[in-house]
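So this first bit is one chain, no partners, the form predicted on its own, shown in C-alpha cells.
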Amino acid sequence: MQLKPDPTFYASPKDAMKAPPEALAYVALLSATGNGVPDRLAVVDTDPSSPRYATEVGGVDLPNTGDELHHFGWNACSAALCPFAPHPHVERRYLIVPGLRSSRIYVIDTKPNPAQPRITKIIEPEEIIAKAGYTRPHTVHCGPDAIYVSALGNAEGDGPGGIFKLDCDTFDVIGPWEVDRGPQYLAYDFWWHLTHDALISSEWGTPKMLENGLNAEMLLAGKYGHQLHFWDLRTRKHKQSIDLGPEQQMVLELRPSHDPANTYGFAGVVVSLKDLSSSIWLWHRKNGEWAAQKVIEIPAEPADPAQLPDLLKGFSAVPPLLSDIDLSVDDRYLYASCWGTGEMRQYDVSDPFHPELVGSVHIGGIARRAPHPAKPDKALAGGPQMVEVSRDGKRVYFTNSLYRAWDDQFYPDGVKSWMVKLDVAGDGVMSFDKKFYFESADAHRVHQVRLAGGDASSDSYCYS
C-alpha cells in the first residue's frame, strides 16, 4: 500500500490528458498454432528517442500452452480516486492477463523493472469455476472496489456468461458480480458510468459458439449476440435490455464517455445480416430510461470472389468486420477498426448523435492487402484490430490478429503478426509513423496493447 495515490492516477480525464507520453507498451502475443508454443507478454519500446524504438525490449513467456491471450488490464487505475473507493492507495503495478481458451489468469508484476515483467500469481480455472461458476475470462477493468472480469460462459462451455470480481490485494476470486441477471445470457464486454451507478454489458456468444470458428449456420440464423444490457452497478441487478435487432450480429466493444458527467457511449456491431455492413450505436439516457440508436454505418466493399475465403465467396463482398473501437480521452475522436476491409476510421464524435468521418487509413485487409509505409512492397494480411489510444490522444496503436480460429477462417493464408502506430496532429489529421512497424516471430500473433501508465481504455474517472 502507498501513502500517496499512485502518480499515474488522475481525478479527471482533463488531468489524464496531461500525463507524460508512454515509454513502453505491453502486447499480448498468442501462439499462432496453439500447438506447443506458449503465449508471451511482450514489452515494446514506444519512446521515439530510444535506439530500440518499435522493437521488443523485454517480456515474459507463460509457463503453460494453450492459453490464447486476448484482452488484459491493470489491477488498479484512476477509479481508485473515486470518493467511494475503499482502496484509494492501491498501486498500478500488476497486469491481469487472462487466457481466453484456458480460463487461466496470470498476475504479472511490472516492477521493479517495467521492461522485464514477471509472473507473481496464477489463478487456475478450477478456482474461477468453484467460486464464480464462469470460464473464458475476457475484459478486465479496475473498479473502485475490486478488479472486474467478464467471462463468456460456464464450465461446460455454455451460458450464461457474466462478470466476476477479484480481490484488489490478494487477487483471490471473490465470486460472481451479478445478484439478478434477468434475461441476460450471452456476454462479452462491459464498462460503466461510475457516478451514475450504471453498468453496460454486450453480447458475443458462448464458448461453444466461438471456439471452433464462426458458425455460419448460427450466424445466418441470428444466434449471436444482438443486445445491450443495463445494470444497477450498486445493487448488481439487471435493469433493462435493448435489442438492436437479430440482424445485428455480435455486439462487441463498449466505450462510454470518459467525462463522468455524461451518460452516453458507443457500442460496435460486427456485421449486419441485411447487407454485411458494420455499425456503431450510441446508448444514452432518455426520460429516465436507456435508449440506443445507430449513428454510424460502414458498408461492405465489392470484391472478386477469387480474393475471398470460402466463407465469403458467395457474397462477392468484403464486410468491414468492425472488431474494436476506442474513444479518445477528450471524448472527441472515435477510432474504428475494420478488420475485414483493412481500414482504420477516425470519427469526430463531438456531437455523439451526429458523428463525422474525418480520417481513414488502409493497411492489410482480406482483399486489399495494403502495405505499411515502412515496407511498401510487402502485402499485409490481417487488418486493424485491437486499437489503443494514448492519454493525450496523439498516438494510436493497433494490431492485426482477431482470434486464432477466426483468423484462420478469414485469412486462410495466415495473418502473420504486426503492430503499427498512427500519429495524430494538432488538427486531428492522422498518419502512419513510418518508423513504427513491429513484427513478432511467426510463432506468435499480436492482440491487445496496454500502454505503460494507462491509456484511453484502461481508466475510469469520477470527476469532470
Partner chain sequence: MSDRYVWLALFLLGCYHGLNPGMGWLFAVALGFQEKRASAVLRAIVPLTLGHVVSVASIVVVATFADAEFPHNAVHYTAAAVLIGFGVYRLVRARHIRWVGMRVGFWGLVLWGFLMSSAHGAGLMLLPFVTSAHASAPSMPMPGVAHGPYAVAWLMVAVHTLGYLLTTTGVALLVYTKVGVRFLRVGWLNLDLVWAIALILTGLIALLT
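Residue numbers count along the first chain shown, from 1. Since we're looking at a predicted model, the values are computed, not measured.
Form predicted together with the partner chain: not shown, discussed below.
Candidate stretches 321-329, 208-216, 167-175, 291-299 - the one whose heavy atoms come within 4.5 Å of the partner chain in the model of the complex: Going by heavy atoms within 4.5 Å, the stretch is 167-175.
Can you work out whether the partner chain is within 4.5 angstroms of a heavy atom in all three of Ala85, Pro88 and Tyr148 in the model of the complex? Heavy-atom distance to the partner chain in the model of the complex: all three under 4.5 Å.
Decide whether Leu233 counts as a contact residue for the partner chain in the model of the complex under a heavy atom distance cut-off of 4.5 Å. Leu233: yes, in contact with the partner chain in the model of the complex.
Using heavy atoms and a 4.5 Å limit, would one call Ala11 a contact residue for the partner chain in the model of the complex? Answer yes; at least one heavy atom of Ala11 falls within 4.5 Å of the partner chain in the model of the complex.
Hey, in the model of the complex, is Thr195 touching the partner chain, heavy atoms inside 4.5 Å? Thr195: contacts the partner chain in the model of the complex.
I'd like to know if Pro355 sits close to the partner chain in the model of the complex, meaning any non-hydrogen atom pair within 4.5 angstroms. Heavy-atom contact with the partner chain at 4.5 Å: absent for Pro355.
Let me know the one among Val361, Leu334, Leu81, Ile200 whose heavy atoms come within 4.5 Å of the partner chain in the model of the complex, would you? Looking at the other structure, the residue within range turns out to be Leu81.
How does the C-alpha distance between Met17 and Pro86 change in the model of the complex compared with the present structure, closer or farther, given a change of 3 angstroms or more? Closer together, which means the C-alphas of Met17 and Pro86 are at least 3 Å nearer in the model of the complex.
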